[in-house]
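What follows is a single chain, given as structure tokens, in the form predicted on its own.
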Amino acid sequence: MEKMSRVTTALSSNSITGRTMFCHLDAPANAISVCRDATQVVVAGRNIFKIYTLEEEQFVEKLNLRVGRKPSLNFSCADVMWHQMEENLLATAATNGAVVTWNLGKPSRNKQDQLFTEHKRTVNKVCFHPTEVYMLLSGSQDGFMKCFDLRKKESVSTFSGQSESVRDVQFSMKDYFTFAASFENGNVQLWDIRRPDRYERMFTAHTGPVFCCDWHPDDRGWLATGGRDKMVKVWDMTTNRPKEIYCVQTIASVARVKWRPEKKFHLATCSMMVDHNIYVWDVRRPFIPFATFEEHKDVTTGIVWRHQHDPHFLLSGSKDSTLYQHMFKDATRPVDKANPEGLCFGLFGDLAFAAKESLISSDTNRKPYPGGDRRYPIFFFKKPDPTEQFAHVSSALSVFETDLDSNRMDWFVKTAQLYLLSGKPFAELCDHNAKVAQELKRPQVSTTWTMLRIMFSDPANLTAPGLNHNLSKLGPMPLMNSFSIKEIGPGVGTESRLERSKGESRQDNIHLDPGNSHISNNEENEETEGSEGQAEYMFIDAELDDDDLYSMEHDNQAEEQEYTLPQEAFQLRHEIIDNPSAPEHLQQDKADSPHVSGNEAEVTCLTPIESFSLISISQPLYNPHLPASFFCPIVREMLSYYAEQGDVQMAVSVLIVLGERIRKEIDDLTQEHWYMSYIDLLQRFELWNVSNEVIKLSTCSAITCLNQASTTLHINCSNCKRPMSNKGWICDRCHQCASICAVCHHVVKGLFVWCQGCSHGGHLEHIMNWLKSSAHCPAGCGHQCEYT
């Protein structure tokens, strides 16, 4: 272990020096206690009872009190106490119910002095009187406390706590006759040793057993208690009724509590299970420990400050068979690692922000004088110890509320109720869900469903009914035949006009040069065929009205006359009568310049299609030879995008609708996380049917079993009122048929309805018809049954 810096504390004529150190024990320790001069420590347990000397660099074993070939159960210790007035006097609480005193001044190997066997069960605690040499107090699992005079061979007083067991007893540091006792039932009692017949005061301190208590060494009326409810409470006992003045919330059951010497508001605690650390708390700031000792690897069973006037050294024993001396300077300070601000979003979008008041106060720019108020002489101010600064810090909480209408979750509920996830062909599911998203004003989601239909649908079914009602106007024209652009000029996207080739006619646009894209109609397959080059797509966002006509203007520097494009983009199957002719100057230039020159773009006419974005394509949008797996990577990224944005509903819905097309592309843990998140949201909004449908459609084994739990129904026989077995309709005890209809008196082998008040029932239809005319039970028991 790394050697820590030494510290020296002045204690009258003596001084304590040392460092953080430890030693290995022969067995786990149950309790430890230190002698008056802080030079020796005794360690006791079921299989260990030794005294160690505290040197500057290490622990040195001095005496083994567990002697003999076959040590008796008197050496199996649950607690140990070293007398603070008599340095040679020890007392132990044995697991067999014995209270044993030990005299270290005996010349023999066996140091046992007296043995008291009046308790019937394990003794949990022993305590010497702080000023009376011969007075010893014990508390046992049998519910009794006994006061012993070590000059006599038996107890002088017995106190009955009227409880199952006594967990701790402690003499008051200031009141000579008073001691406190904590009990298994959560009560704390104050007794006067002169009145063993009845306690003076009793109050309920914790919701559960109170494992420990400790009187404050300086403040006469403060009593600290710790219990199984993970609380440490400080009580003011000077008032007529005990008053809780401080409460510290820990993370585990509190097994030991000890006030820190010379520090009024500091106390140390350790836990009975789970947590292995030792915490020092400032009761004024109960939500974060002042200091933490993290050396032990198992539960800490005993803690004690090395000297009653020294706050810098703490001794501890543990079930990991180690004995530690902790130097307070080496403790971990959790407050240094704590986040000084807090930020959290509420369910409906509200934002809560907490920070220290000094950070958000109006006069944060002021820098106070570090030495204090300049109106007083500077020598009156004592320089604070930075290791002991843990002042009470107050924080301010700010809540920023959002507009309820802007953050309503109605769209989530309606989407969950209206979405179709199964039961229809894939294309119809996508169309329906796109329509639902469009009606709820979610255009991006609607477009996503439409694109999924285009990517994964069978090419022969691209023109399925219901995709768009405007397609009927175009006859058998393929869906993907929009228009062809041979070359796009630099002005596209920024200019509102497109240049048209001078020598171009409508007929020439249909049949392009070899190597360029061409568009033709196939009447048999109704598919779009194109060149074998890579398809190019250009998406232009535009809002179109149903009757708008997009025109491309010809901008000629020589002539300012504008030209309106034809109304049809594709060659029709029948003769077009009203075919507008081009202007004369274009007809004249046709023979001279038939091809595109410069930056001019050769384009065809555009016809708007309702509810579709403007798409410019140089080749067919869909290649029938392209496998569906080609789109899987981008779909996977799309699902991750929606999940990261918080729309796990979309991710799960697409995952279910696509099924095996995409499921193998996403790992099982991610799918399970999405499913669990979506199901949790559905259940929060009480959409139980939708939640169950999602569970049924899931292929994750961890999800499909969710609706299989807690499905067992335990019923009782309507005759003998005893539980029924699962082997049939005959009761094993009364040997009568339990599920007989109270109306027709036949066995109910299907749906059975019964009254929870009288247990009679029968066929659903029979009971419904009966209760229409009568409010009483058909079995004649007189109970007024009601069908709801």
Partner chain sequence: MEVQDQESVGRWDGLGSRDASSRSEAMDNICQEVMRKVEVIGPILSSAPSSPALGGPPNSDLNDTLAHLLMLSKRCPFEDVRERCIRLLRAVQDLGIRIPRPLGNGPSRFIPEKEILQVSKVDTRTQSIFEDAFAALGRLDNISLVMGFHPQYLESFLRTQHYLLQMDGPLPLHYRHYIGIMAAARHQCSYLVNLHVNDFLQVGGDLKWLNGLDEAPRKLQQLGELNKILAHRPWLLTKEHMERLLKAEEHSWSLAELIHAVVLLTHYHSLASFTFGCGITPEIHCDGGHTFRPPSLSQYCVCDIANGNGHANHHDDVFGNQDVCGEVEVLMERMRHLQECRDDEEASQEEMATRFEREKTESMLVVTAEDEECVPSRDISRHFEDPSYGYKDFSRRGEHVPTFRAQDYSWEDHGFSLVNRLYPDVGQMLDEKFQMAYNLTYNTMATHKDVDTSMLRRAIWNYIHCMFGIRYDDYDYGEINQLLDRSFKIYIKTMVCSPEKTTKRMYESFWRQFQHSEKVHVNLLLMEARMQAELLYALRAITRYMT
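As the structure is a prediction and not an experimental result, all values here were calculated from the model. Numbering follows the first chain given and starts at 1.
Same protein, other form: the form predicted in complex with the partner chain, not shown, and the subject of what follows.
At least one heavy atom of Asn96 is located within 4.5 Å of the partner chain in the model of the complex. Under a 4.5 angstroms non-hydrogen atom cutoff, the partner chain in the model of the complex has Asn74 among its neighbouring residues. In the model of the complex, the partner chain lies farther than 4.5 Å from every heavy atom of Glu200.
In the model of the complex, the partner chain stays beyond 4.5 Å of every heavy atom belonging to Lys152. Heavy atoms within 4.5 Å of the partner chain in the model of the complex map, among the stretches 186-194, 303-311, 249-257, 171-179, onto 249-257 alone. Between the partner chain and the residues Lys264, Lys435, Arg228, Lys111, the one pair within 4.5 Å by heavy atoms in the model of the complex involves Arg228. In terms of contact with the partner chain in the model of the complex, the residue from Glu244, Asp298, Asp218, Glu665 that brings a heavy atom within 4.5 Å is Asp298. Residue Lys319 is the only member of 303-323 with a non-hydrogen atom no more than 4.5 angstroms from the partner chain in the model of the complex.
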